[in-house]
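The chain below stands alone and is given in structure tokens; this is the form predicted on its own.
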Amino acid sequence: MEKMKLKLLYSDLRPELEMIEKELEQAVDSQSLLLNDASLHLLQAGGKRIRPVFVLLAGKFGNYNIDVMKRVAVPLELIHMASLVHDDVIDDSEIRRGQPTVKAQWNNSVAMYTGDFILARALEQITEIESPRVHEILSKTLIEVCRGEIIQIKDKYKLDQNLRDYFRRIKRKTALLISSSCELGALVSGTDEKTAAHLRRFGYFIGMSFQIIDDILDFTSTDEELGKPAGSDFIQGNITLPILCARKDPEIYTMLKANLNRDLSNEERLTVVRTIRNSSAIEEAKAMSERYLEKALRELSFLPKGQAVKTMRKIAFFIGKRNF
């Protein structure tokens, strides 16, 4: 239901997004039946397609040409998809969006090679863009995403990490790819550098807000709403903002420490989730997300008025207030 509400906010982009969806299907096609099945399994599980949407909206500030825009939108979504497959292997996740993950449906080896294949397809697609600047931005983004994944592995189960570690991690995990989506959409449409810079910063700030809300929802939503067990981040050892805020309470800290890095029963998992949900940590984390949302909206105030800004503003508000 919530995903449908989000799609209504950019319903005017439906023809372009349908085109991008077809391009994604073609991009993951290969001569291997196994790779086809695994890639389509991930693609058809759905997604918000936030990155392609921001590519297209950023392109509205320049010379908008869907045949050019899709050459950036498709690779960026493929990169995101590849990172999800690899994430599920690292986190040993069985369920994503209510469906078995690629690693659960097949195995770790198939999942890793599927992720590699999808990433290779993304790099192949982006070669159609001749701009060295576009390739430079994308390369640096990929490097930072990989660094973020390594840092996340290093930081697993570290309850005593600081907030700076967390923010640096979600910057690389989520915000940079959304930021790059906005910046690259602007650049390939010939938008001026000043506008592109505002769009890049908008993407970064909304990406930070987006990930914080994601981390909050892992505790405030039900298993059914999430399409996976609530509290999965904690179970997998990923120390997110709600946990970092809640640990200030000595009793909660002791409880978290006792339950980290061990197999929890369903009741034990739900006890952890309820404890975080009922603590002040949720409101504290929401306030931090709100600050990033305000910064994102401020960047929009510097952009030329029009439908693109209105749509970006609506999406930003939705992302910052969403319940899914």
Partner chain sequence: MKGHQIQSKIISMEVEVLDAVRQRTLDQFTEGPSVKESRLFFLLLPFFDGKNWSPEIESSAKTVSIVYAALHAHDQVREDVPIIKEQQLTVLAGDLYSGIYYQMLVNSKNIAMVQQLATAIIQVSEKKTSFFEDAIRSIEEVEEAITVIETELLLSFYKFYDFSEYTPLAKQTLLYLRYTDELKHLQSKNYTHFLRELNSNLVHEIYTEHWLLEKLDSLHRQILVSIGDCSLDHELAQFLLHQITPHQHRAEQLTREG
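Being a predicted model, the structure only gives us computed values, none of them experimental. Numbering follows the first chain given and starts at 1.
Another form exists, predicted together with the partner chain; not displayed. Remarks below refer to it.
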For a quick test of understanding: in the predicted complex, does each of 132, 135 and 150 have a heavy atom within 4.5 Å of the partner chain? yes
Answer key, the partner chain contact in the predicted complex at 4.5 Å (heavy atoms) among 124, 224, 193, 160: the residue is 124
Ok, 166, 205, 117, 234: which has a heavy atom sitting within 4.5 Å of the partner chain in the predicted complex? 117
Touches the partner chain in the predicted complex: residue 86 (any heavy atom, 4.5 Å): yes
Does residue 109 make contact with the partner chain in the predicted complex, using a 4.5 Å heavy atom cut-off? yes
Check residue 32 for me: does it contact the partner chain in the predicted complex (non-hydrogen atoms, 4.5 angstroms)? yes
Just to confirm, residue 254 within 4.5 Å of the partner chain in the predicted complex by heavy atoms? no
Only one of these stretches, 243 to 251, 175 to 183, 215 to 223, 109 to 117, has heavy atoms within 4.5 Å of the partner chain in the predicted complex; which one is it? 109 to 117
Does any residue in 87 to 103 get within 4.5 Å of the partner chain in the predicted complex, counting heavy atoms only, and if so which ones? 89, 90, 92
